[in-house]
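Below sits a lone chain in structure tokens, taken as the form predicted alone.
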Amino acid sequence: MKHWFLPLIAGLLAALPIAAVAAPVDRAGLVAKLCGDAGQMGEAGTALASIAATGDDADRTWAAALPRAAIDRKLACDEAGAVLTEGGLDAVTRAPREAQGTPRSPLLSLKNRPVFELADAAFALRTAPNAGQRAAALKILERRPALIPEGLLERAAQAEADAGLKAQIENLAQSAALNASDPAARIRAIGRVAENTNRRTLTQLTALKNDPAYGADAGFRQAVDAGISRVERGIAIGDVMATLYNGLSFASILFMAAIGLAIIFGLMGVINLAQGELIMIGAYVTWLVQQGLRSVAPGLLDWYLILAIPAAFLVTAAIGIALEAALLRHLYKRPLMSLLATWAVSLFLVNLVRVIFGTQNLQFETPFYVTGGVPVIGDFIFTWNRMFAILFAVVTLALTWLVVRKTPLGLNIRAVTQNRDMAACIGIPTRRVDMMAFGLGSGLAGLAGLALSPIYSVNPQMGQNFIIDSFMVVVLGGVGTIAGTVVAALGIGQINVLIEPLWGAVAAKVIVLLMIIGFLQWRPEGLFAVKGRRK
């Protein structure tokens, strides 16, 4: 007797909470409140939200239409109860019937309307068949996390099939739990919320310091303080990582802009003021490739950044070779004239592009591989467009190093750079080397324009923003050295990103320039000097 009786008692006790959750809804009473005064309507709205959270399937199906009917005034109250005018159904029994006598539509007060909107969104989150409708309902619930009934989001998350939407529901559940009635549940929610170390979480937790429980409950106060400390540490680490990442991406762009200039300046001593415009032309060639793919092969449109690489390099290299052959070859012994000539070419290219394409920014498609990013810690997001620029710079560095160190052209360039007369004496065609080196440097500028197109605004003036920084990189690194260009780009890029948030972009450039001037007073040849430069 004893052995079978105890399990029966235990089973009955375990079933009590379920029975409490699944208690039948007084449907007639609820509809009567919907037709009552403002206070009764408020009670009905709260009851509807509770049904959405804890009611069984039959009650949720029955009640789902009521909040929307009340909001849209499609509930006709009469002597027999109420009728849903959309469909002509009795609000209690859902049997078809006409409204009796002179029905009236209850009007929601400003106080009750948010309660009914929240109840309507709660039903949509749990019963809408479309994920988009459920996501829209979740957006409404996010506006009033303190009013969300307990258990709604947990049950919605359990039933949600869409992984992304489920994660959003769980995040909102954590935020809503901060306002739970159970102190232990609030403390657990603080621990879970503090795992998301960002400034939004910090604002949420800091607001809890004004909660009465913060002064009355030592455990609650300790949990809030620990959560805030954890989030602040995460934000600080994220800010450091974001600074390093942004500095690295800026350095990669500086390197891309400066490596071509370093080759041209290092070999021929020509200060090419048109280098920025060659960068701009590389970006415009990329845009033309995108437009061509849009017309001819729309299926390959996402890959235009990859397919434009040879086009951007060859077009700008051809322009560089033509410029060297037609103009600069006559001015090698007159550096001031070559400076003025490249400046004139720069102005010509800018105005030519203005006439052909206009002055507005070009619109680029954003391929899937440079879209979005991955949140890491704090507010630091590992963005794919900056990673594309970094990887592109690394590949360009490797290929440039291979060309300069492992090919006959690179060997000739190094020979002419170190001693032009001796190189000519042993049969190296110095004129052809000059032309090919200028073409190589110009082609690298075109690749820089391609790498910039997913990040910066592309317009005829874009090249002028990089020419000063490029010269600073070349001079600081040591004219004509790849290693010096890499180190100088990394240094200037990181210092710029560190100083800009403190004193602004203009002050950052002035400070960096003063630092470079000071460094060159101590080491005029730059970080990596080339031995035996051409006379």
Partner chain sequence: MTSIGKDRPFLALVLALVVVAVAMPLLAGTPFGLSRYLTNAIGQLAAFAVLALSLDLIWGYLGILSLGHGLFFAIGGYVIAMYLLKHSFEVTGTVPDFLQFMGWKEFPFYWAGFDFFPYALFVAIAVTGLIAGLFGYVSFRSRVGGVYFAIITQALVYVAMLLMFRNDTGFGGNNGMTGFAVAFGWPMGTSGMITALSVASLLVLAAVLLGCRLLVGSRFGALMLATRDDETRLRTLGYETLRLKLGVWCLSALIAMLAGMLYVPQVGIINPRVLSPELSLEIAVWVAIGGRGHLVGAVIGALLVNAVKFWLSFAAPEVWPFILSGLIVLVVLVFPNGLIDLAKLRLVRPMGARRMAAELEEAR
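Residue numbers count along the first chain shown, from 1. Everything quoted here is computed from the prediction, not taken from an experiment.
Below, we refer to the form predicted in complex with its partner chain, which is not included among the displayed structures.
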Notebook entry, point to check: its partner chain isn't shown here, but in the predicted bound form, which of 427-435, 73-81, 334-342, 385-393 has heavy atoms within 4.5 Å of it?
Noted result: 334-342
Notebook entry, point to check: Though only this chain appears here, would Met41 touch its partner chain in the predicted bound form if you measure heavy atom gaps against 4.5 Å?
Noted result: no
Check: Looking in the predicted bound form, any heavy atom of Trp303 within 4.5 Å of its partner chain?
Finding: no
Note to self: Does any part of Leu397 reach within 4.5 Å of its partner chain in the predicted bound form? Heavy atoms only, please.
What the structure shows: no
Notebook entry, point to check: Does its partner chain come within 4.5 Å of any heavy atom of Trp62 in the predicted bound form?
Noted result: no
Notebook entry, point to check: Here the chain is shown alone; which of Ser109, Gln133, Asn351, Ser457 has a heavy atom within 4.5 Å of its partner chain in the predicted bound form?
Noted result: Asn351
Notebook entry, point to check: Which of Gly269, Pro145, Pro114, Gly247 has a heavy atom within 4.5 Å of its partner chain in the predicted bound form?
Noted result: Gly269
